[in-house]
Structures are given as structure tokens and as C-alpha cells.
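Consider the single chain below, provided in C-alpha cells and representing the form predicted on its own.
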Amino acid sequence: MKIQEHTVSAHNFEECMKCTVCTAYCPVLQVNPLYPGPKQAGPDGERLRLKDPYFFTTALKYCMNCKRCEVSCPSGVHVADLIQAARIKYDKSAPKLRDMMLASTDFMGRMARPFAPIVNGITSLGITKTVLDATLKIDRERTFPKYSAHGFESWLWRHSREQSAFEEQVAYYHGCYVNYNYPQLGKDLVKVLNALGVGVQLLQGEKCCGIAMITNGMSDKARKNAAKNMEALSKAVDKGLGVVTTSTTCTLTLRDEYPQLLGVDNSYVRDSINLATRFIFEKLSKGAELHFRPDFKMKVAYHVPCHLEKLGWGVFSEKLMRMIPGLEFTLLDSACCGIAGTYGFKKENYKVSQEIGAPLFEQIRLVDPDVVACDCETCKWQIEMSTGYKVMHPVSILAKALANQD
């Protein structure tokens, strides 16, 4: 792995033509007057920061890194990257205990797994939420994700022999969520890929992608995780394996944030990292087939996560779900759910987070689906907590619709 010297001049702020489209699309600016907005915090602020670091402002912490400013920018300016890079370079304040806990997903997952039922019960208690609100400033209204007592890695390891029997193989970067919170998504992916004649291998030695560390002032630890992940990814690519993922944020981080924010050269592996829905769609486009249950019925409203919009790959999830007979599909208007990973857990951000997500929540209620489809785990937490509707990953919907289910 190569570590590149990171300088803010590597970002293309001079291409900003001050059209303010990013300002119109920023979900934070619409509800939080303390945030200066992406144009002022990004390209405009960068010109000042290059003159004197004095012009760095801690108001940049209100940026969610949702990337909607970058999606909307007609000049292709890396607006959100400018903001996050400035925070990495100029913000010397130590992360709070709360932020370290929220960002240390591997560590917290390993600690919680042996006691998952107890941990889940305790974190759902009102008294626990009140104490966390008062001591760590984790908002008492926030619902915590549940931990699983059994990890995905151990499950796939037990099935490694049957997976190795398939002629075609891929490595799976499952991430913290699948391993510690919801192994069923990984199992659903294995089911769908096996139906396509593809075996699934563990990506040996993977770590958390590090995005929560980046946004919580722990970029050095994120860089260490990036180094471990680059080693694991490189070994898979050396074996001729493609790498599939199910988390949109992990995918964006591995492919784009490593070089842009951490200075980590991922050029050797970047093109081998593919979102599972895109991989599945490409297989079907080349003649592979999936057979669906004739009795399958489901009304689905699909929310495209912000980071998936940035990748430009939401169309693959949409097309896959439209292929399923008996599925009534509604594509929701583009909107941010407001959680942005750990952002919406923090007391100072909770109200803003909910206000940002309110238009999306109203859309969902108007459609009144059986299930909301979404490719992002933290969007799932936010939507389920705020609307009461069940959220499923498109891969899980595919798995449920397949014929000959176990």
C-alpha cells in the first residue's frame, strides 16, 4: 500500500464557478442556520484556509458528508471532500469518548456479541437512554441497532467447503454491519450468488472501512484500517477474485475516500470492488438467470441512499427489483434520510437529523408500502425508527423472492 502525501491543493476547488447549486441541494443548510453551507465551507473556505489556517471553523462539523453537493455540482468539484479534508488537517481537538465509541464499530461489535441479548435489552431501556443522553450526549430518542449473537464470518467459514465447489468465486467485503448486527444480509447474498452459480469467499483480514473514524476525528486509525483492507483486497485481486460489497458507504469509502481523504493509493484494487446489486445485474445481463416464486407479492418503496447516488449505481438495485414478478415498485424522490452514520446519534445533531429526514418519511407514509427497500444500513435504522416501516436490502428482497426457498 502506498501512502500519498495529502494536500488540500489536490482537490479541485478552483473549478467552482459559484453557481450555488450545491447550496440548494444541501440538506443540512435547509434546517441548520449554524452551518455555512457547502460552497462557503468547501471551495470558498479553502481559498481562505490556504492563506491562513485561522480561517478554519468548527462549524464544518455540521457537514454530514452525504455527498449531495458533489452529485449536484455541474463542475465536478469535490465539495464534501474539501470539507472533510479541512477537518482532518486543521481540527486538532481530540475526539470525545462518545465519538470514539460510535466510530469503533469492530471493537464495540466484538465486545457486544457474546452478550448480545443482554446488550440489546439494556440499550432499549428508557433509563439507559437517559443516562447516555446525560453523560455521553447520545440523544435519548435514538434507537440503537441490535447486535447478533452469531457472526457472519463464522457462518460462512462453516460453509466454506460447499462455497468452494462453485467454479466462479468472489470475495465478499461484508463490513461491520453484516458481521455484528445483521448476518442475514450476508446469508441472503450467498443465496442469490449461489443461485447464479457463484461461490462466496471471506475477504481474509478485513477491517471496518473507517468512514466513521474519518468523520469523528480519528483519521490516523482510519488510515491503519485502510492499510489492512488494502492488504486484504490486494490478496483477493492477486487470486483473480472480484470483490462484492453490500454497504453503499463502505463501497464509496473503499473506492473513493481512501485516496481522496486518507492519501491511500487503492488504484490496484479499485476497479475490482463492486456493489453486489451491480454485480448481480451484470451477471443477468450476460445471460444468467434467477427463478422467482410465482406466488411472490410485495409492495416496495425504494429509497436510494445518498452515497449510492454519489456512486451512480442506484439504477442497478432499481432494475433488479423491477425484474421480480409480483413486486409493486415505487421509486421515491431523491432525499436524504438525515442519519449520516453516527451523525444522527449525537444529541447536538438529532433534531437536525430528523428534520432533514422528514420529507422522506412523509413520502414513505403516502406510499404505504409493505417494505421500504434501501442499500444502506444506517438509512435502514433511521427509516425504521422514524416511520415504523420495515426496511430490507434489495439483495434480501431478491433472496426472499427466489423459487425453492429453504
Partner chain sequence: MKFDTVIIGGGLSGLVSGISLQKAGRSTAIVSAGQNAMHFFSGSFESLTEAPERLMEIFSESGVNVHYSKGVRLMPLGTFKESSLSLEDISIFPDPAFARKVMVVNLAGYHDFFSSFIAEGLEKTGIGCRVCTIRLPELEHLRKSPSEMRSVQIARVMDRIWEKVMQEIRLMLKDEDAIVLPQVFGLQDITVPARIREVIPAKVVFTGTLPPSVPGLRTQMQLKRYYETLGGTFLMGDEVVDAHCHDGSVHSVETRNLGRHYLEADNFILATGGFFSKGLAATPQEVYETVFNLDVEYSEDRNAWYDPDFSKDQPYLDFGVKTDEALHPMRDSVTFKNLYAIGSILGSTRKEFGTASGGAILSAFHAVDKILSGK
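Numbering follows the first chain given and starts at 1. Being a predicted model, the structure only gives us computed values, none of them experimental.
The same protein has a further form, the form predicted in complex with the partner chain, not shown here; the description that follows concerns it.
- Contact with the partner chain in the predicted bound form, judged as any non-hydrogen atom within 4.5 angstroms, is confined among 329-337, 187-195, 119-127, 173-181 to 329-337.
- Among Glu168, Asp265, Asp106, Glu282, the residue placing a heavy atom within 4.5 Å of the partner chain in the predicted bound form is Glu282.
- This chain is drawn without the partner chain; in the predicted bound form, the residue among Tyr350, Phe56, Phe361, Tyr35 with a heavy atom within 4.5 Å of it is Tyr35.
- Contact with the partner chain in the predicted bound form holds for none of Phe296, Met321 and Ile324, as no heavy atom of theirs lies within 4.5 Å.
- For the chain shown alone, Lys39 is a contact residue for the partner chain in the predicted bound form, at least one non-hydrogen atom being within 4.5 angstroms.
- The partner chain is not shown here, and in the predicted bound form it never comes within 4.5 Å of any heavy atom of Thr387.
- Remark: Ser72 counts among the residues lining the partner chain in the predicted bound form, judged by a heavy atom distance of 4.5 Å or less.
- Not displayed here, the partner chain is approached by Val315 to within 4.5 Å at the level of heavy atoms in the predicted bound form.
- Annotation for 19-36: interface residues with the partner chain in the predicted bound form are Cys19, Thr20, Val21, Thr23, Ala24, Tyr25, Leu29, Gln30, Pro33, Tyr35, Pro36 [heavy atom within 4.5 Å].
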